[in-house]
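Have a look below at one chain only, the form predicted on its own, in structure tokens format.
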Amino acid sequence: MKTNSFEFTYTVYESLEELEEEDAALLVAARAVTSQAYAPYSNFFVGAIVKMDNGELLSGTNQENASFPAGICAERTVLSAASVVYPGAAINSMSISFRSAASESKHPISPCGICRQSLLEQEKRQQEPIRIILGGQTGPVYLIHSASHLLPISFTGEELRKS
């Protein structure tokens, strides 16, 4: 028997004010775009902003549907938009924030499982890491240096190509 472990390092900032100016601007934008989310059922409003390697920014929000599986998360909304609006461009960073009617937004949240898988696929596709900036409307901020750290034992296209 063998025991393995996975560890990754991420940076915790006490507040937005400690971030580099560019990262702070991305988080401010993610916080603001939560107001465009369509979340009438959960009242959990998520916003995501990406910075492309060409310097452009794109935003996405969660979009709920009465048929709950038909909704889409903010992260996947903006990943889809990025691949259509800027085909071939890489995503350098993604900032994610939320607002909730049920609780205070004073801490970071992490992407859900399917969003983690989608972020990993984008990293594989562009062959560059995506920095993830996580923060609520206030409070601490997490900086994760590669989306792949969020899904350490992952399923990738490599498994589909093996014979």
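In this text, residue numbers run from 1 along the sequence as written. The structure presented is a predicted model; accordingly, all values stated were derived computationally and were not measured.
Although it is not shown, the form predicted together with tetrahydrodeoxyuridine (THU) is what the next lines describe.
- The contact with tetrahydrodeoxyuridine (THU) in the model of the complex, taken as any heavy atom within 4.5 Å, belongs to Ile109 out of Ala29, Ile109, Met52, Leu120.
- At the 4.5 Å threshold, heavy atoms of Ser42 reach tetrahydrodeoxyuridine (THU) in the model of the complex.
- Tetrahydrodeoxyuridine (THU) is not shown here, and in the model of the complex it never comes within 4.5 Å of any heavy atom of Ala82.
- Taking the partner from the other structure, tetrahydrodeoxyuridine (THU) in the model of the complex has a heavy atom within 4.5 Å of a heavy atom of Cys73.
- In the model of the complex, Thr34 stays away from tetrahydrodeoxyuridine (THU), with no heavy atom inside 4.5 Å.
- Residues are counted as partner-facing when one of their heavy atoms sits within 4.5 Å of tetrahydrodeoxyuridine (THU) in the model of the complex; in 30-69 these are Ser42, Phe44, Val46, Asn62, Glu64, in sequence order.
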